[in-house]
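In structure tokens, the next block holds one chain alone, the form predicted alone.
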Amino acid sequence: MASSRLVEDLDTEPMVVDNTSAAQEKAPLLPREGAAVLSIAEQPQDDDALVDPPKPNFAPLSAHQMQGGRFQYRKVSVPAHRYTPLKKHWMEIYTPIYEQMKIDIRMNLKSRKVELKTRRDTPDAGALQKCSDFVHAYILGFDVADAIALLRLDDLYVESFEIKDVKTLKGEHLSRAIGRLSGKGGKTKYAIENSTRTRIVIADIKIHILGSFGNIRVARDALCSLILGSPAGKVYSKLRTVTSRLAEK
């Protein structure tokens, strides 16, 4: 009887279910007070949608800044026999160095040296060395018009050697060797210069050659052959062969 009554009570009374816990689980969480709320535009998107920040644009360093903000110096000694020609052609040397290469230049009368110094507006880091080579080439005996090519071209060099480096000669043998190098009225020297596109200075027993690396080698071989006693005609024919090969390249 008791069990039947209990069944009847369960059938008649409605069942009450507590859904508060389930509702709390499904309800969205609200942000706490003081918490930052991101808008839709500020919320992080996928990696593909992210845009890289613009790259920084730095101004290029000047030659003065590349040297650590320090001024660079060069000094070129002037021998006694080149002092007067330097004074005569000073403006021809000063103008391209100061105005075009932006290098300060002065002549120290006490030490008899040409002093060079970089400036804040010097455009090229290698301008000082070019100007030093230009002044040094003029001091060796090259004309200003020939030596100034060192400022404009990068592949020009000056090579120097002495006659005794090739062969030990003394007295009249040395004088005849120098005569063979220059030729009558400088004919041999000019022929070597024109065929090899170089410039040659014969100062007593010292020989200076201005030109590119390959041309200096050809001119040096011709001069060494003359020093060793080869006749000029044989050197000319050899020069024609070598220069024709160079022209083909």
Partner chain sequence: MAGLQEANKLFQSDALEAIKGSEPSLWLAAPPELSHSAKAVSELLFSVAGTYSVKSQLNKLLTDRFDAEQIWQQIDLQARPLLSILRRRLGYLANTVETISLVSDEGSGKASEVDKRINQVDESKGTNGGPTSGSDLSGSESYEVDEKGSESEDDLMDGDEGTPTPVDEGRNGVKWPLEDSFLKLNEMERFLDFADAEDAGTRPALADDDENFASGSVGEEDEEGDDDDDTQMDDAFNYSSKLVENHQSTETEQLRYEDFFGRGKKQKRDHAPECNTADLLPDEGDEETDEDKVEESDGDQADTVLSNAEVPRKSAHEKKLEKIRMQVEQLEKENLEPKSWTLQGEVTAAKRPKNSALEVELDFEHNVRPPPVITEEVTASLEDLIKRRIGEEQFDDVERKPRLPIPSPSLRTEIDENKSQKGLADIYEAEYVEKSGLAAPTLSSSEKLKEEATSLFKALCGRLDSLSHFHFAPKPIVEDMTIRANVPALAMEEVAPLAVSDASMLAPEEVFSGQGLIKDEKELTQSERKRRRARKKRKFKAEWQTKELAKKVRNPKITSKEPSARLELRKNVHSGHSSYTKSSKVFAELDKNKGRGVKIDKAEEKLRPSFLKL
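Residue numbers count along the first chain shown, from 1. Computed from a predicted model, the values in this text were never measured in an experiment.
Not pictured, yet referred to below: the form predicted together with its partner chain.
Of the candidate stretches 158-166, 94-102, 139-147, 124-132, only 139-147 contains residues with a heavy atom within 4.5 Å of its partner chain in the predicted complex. Among residues of the shown chain, residue 210 is one whose heavy atoms approach its partner chain to within 4.5 Å in the predicted complex. By the criterion of a heavy atom within 4.5 Å, residue 224 is excluded from the residues contacting its partner chain in the predicted complex. Although the partner is absent from this view, residue 199 contacts its partner chain in the predicted complex, with a non-hydrogen atom inside 4.5 angstroms.
The closest non-hydrogen atom of residue 70 lies beyond 4.5 Å of its partner chain in the predicted complex. By the 4.5 Å heavy atom rule, the three marked residues 83, 86 and 108 all fail to count as contacting its partner chain in the predicted complex.
Along 166-187, a non-hydrogen atom within 4.5 Å of its partner chain in the predicted complex is carried only by 187.
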